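Next up: just one chain, as structure tokens, the form predicted on its own.
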């Protein structure tokens, strides 16, 4: 399975790079956050769309990365000997990856859990973790953690333009890195894992090891997005973990197309922009409108609103080459 055509992906990231020269500082700052949501959506597209693992609690790892970034940079725990942003970012990704590894071992070791049971268990884990954070006063409980230091970007670290370019560069690096990985033998094994895991096991490959590996990688990417989001937003709250954000990212990926990373990435950005406009123009009815559009689009275009034309174009290019 291939992703979007490479020229299209390059054009998308190049076009996003021009945004700060067209829009003002407010929307540049908002789009930086939306790009991070797009990076988060890519993590679920990898786990669900490419490996066939429906994780209904992906926000766990987004929130763990965010809280790890916040606690380290704020010096919450004396056991951590540094508070600088870049080492904290590395540690946040490592903590999210470790959490994903532990969850994956719990889910897949032995007979393993799959299908609706997997979705239910991951949802339950996310709900439990959210409640635990809400009751943990060391993490700010319901109030969260505010005043998280920004990334060290020049004289004014809160300038939205440098933040946007750094965030976009990270998203592009992760996307093209995942493309290279999916074009390798590992990507072929993920396709086999999604389509026929029994045959894959019969050929001598460890289905459990593959599931654990891709789940851990997806958790690390989600943790990276969460850590950067908290550093950009200067705030970590329990809403970064649990059902609401997990459901949202599932909608973004399903609408865009779970089998195409670029489609999931763009869908998260476009839906967040649409939400901003709909909430202003439709008031309390915007959620109903968005839900209706979601149901209609999933029924009419099951492969994804954005993934369908991208895959068609990819097929056309392959036939003509």
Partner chain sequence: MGAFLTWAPLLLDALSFVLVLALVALGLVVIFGLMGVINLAHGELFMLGAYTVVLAVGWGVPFWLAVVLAPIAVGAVGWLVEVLLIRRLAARPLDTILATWGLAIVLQQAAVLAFGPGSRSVARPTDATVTFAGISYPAYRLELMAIAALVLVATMALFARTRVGLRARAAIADPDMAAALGVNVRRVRAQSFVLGAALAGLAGALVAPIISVDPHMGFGFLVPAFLSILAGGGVSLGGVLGGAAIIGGADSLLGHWMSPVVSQIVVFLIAIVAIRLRAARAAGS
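The model shown is predicted, which means the values in this text are computed figures rather than measured ones. Numbering follows the first chain given and starts at 1.
Omitted from view is the form predicted together with its partner chain, to which the following refers.
Any idea which of 190-198, 94-102, 124-132, 215-223 reaches within 4.5 Å of its partner chain in the predicted complex, heavy atoms considered?
That would be 124-132.
Applying a 4.5 Å heavy atom distance criterion, does residue 298 contact its partner chain in the predicted complex?
Answer yes; at least one heavy atom of residue 298 falls within 4.5 Å of its partner chain in the predicted complex.
Would you check, heavy atoms only and a 4.5 Å threshold, whether residue 120 touches its partner chain in the predicted complex?
Yes, residue 120 sits close enough to its partner chain in the predicted complex that at least one of its heavy atoms falls within 4.5 Å.
State yes or no: in the predicted complex, is some non-hydrogen atom of residue 109 no more than 4.5 angstroms from a non-hydrogen atom of its partner chain?
Answer yes; at least one heavy atom of residue 109 falls within 4.5 Å of its partner chain in the predicted complex.
Closest heavy atom of residue 54 to its partner chain in the predicted complex, within 4.5 Å or not?
Taking the distances in the predicted complex, the answer for residue 54 is yes, it comes within 4.5 Å of its partner chain.
With the partner absent here, would 284, 288 and 291 each sit within 4.5 Å of its partner chain in the predicted complex, counting heavy atoms only?
Yes: each residue has a heavy atom within 4.5 Å of the partner.
Considering non-hydrogen atoms and a 4.5 Å limit, which listed residue (85, 250, 170, 178) is close to its partner chain in the predicted complex?
Going through each option in turn, the one that passes is 250.
Which of 186, 243, 77, 205 has a heavy atom within 4.5 Å of its partner chain in the predicted complex?
Exactly one listed residue reaches within 4.5 Å, namely 243.
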